[in-house]
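Next comes just one chain, in structure tokens: the form predicted alone.
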Amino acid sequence: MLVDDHPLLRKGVAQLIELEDNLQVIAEASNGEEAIQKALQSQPDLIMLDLNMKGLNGVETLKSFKQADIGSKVIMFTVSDAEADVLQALRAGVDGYILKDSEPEELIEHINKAVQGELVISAPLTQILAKAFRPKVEKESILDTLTNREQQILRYISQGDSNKIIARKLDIAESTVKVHVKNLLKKINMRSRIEAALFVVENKLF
């Protein structure tokens, strides 16, 4: 589902998506209130959500999705590369943050990864996030706090793998992976998978 208050942009993105055999736009909305209703009706796998809209903005709309128990994955699709906007969206629980000036091929790649459960972030934003999320824990002590299994899972998280994919790779239950992820994030004093992944990549822990 595409949510944006600019009809021409929705049309352009929809035409791009429709060229892909495995992707289909099943709903569009021009504002947050309409998006909530259409998401409840159509239950899309993925919602591409504009950040700056009249009425409910993207973050407020995302929070409403969660309150309404809408289980769709949500990518913030915006022109804003401001650190405050990026961090606010990620802390609200988006599954990705993509800039509207992305190349078409890059956009489609991000959409496919997000549908599969991977975290997606436009490349220009990774340094902003790495700097903002840099924890106080020294990198040398990070791995020492984790069990071997937690280290394995952290490595897969840094590669963008979802819990489902990690469970398949390790031949364990997805619920077990969730428990390990919760425990390892607490141990290394990080708030999210994205934060942990960026720290691993920036510091070349593996």
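Heads up: residue numbers just count along the shown sequence, starting at 1. Take the two forms, find the largest set of C-alpha atoms that superpose within 1.5 Å, and that set is the rigid core. Quantities reported herein were computed from a predicted structural model and do not represent experimental measurements.
Note that the form predicted together with the DNA isn't included here; everything after this is about it.
- Stretch 148 to 156 is the contacting one of 63 to 71, 22 to 30, 148 to 156, 42 to 50, since its residues have non-hydrogen atoms within 4.5 Å of the DNA in the predicted bound form.
- Under a 4.5 angstroms non-hydrogen atom cutoff, the DNA in the predicted bound form has residue 176 among its neighbouring residues.
- Proximity of residue 38 to the DNA in the predicted bound form falls outside the 4.5 Å heavy atom cutoff.
- In the predicted bound form, none of the heavy atoms of residue 10 sits within 4.5 Å of a heavy atom of the DNA.
- At a distance threshold of 4.5 angstroms between non-hydrogen atoms, residue 188 is out of contact with the DNA in the predicted bound form.
- In sequence order, 162, 163, 164, 172, 173, 175, 176, 178, 179, 180, 181 are the residues of 160 to 181 having a heavy atom within 4.5 Å of the DNA in the predicted bound form; the partner itself is omitted from this view.
- Comparing the forms between the shown form and the other one, the C-alpha position of residue 10 differs by less than 2 angstroms, with the core used for superposition.
- Here residue 185 counts as shifted, since its C-alpha moves by at least 2 Å between the shown form and the other one after the core is aligned.
- Core-superposed comparison between the shown form and the other one: the Cα of residue 148 travels 2 Å or more.
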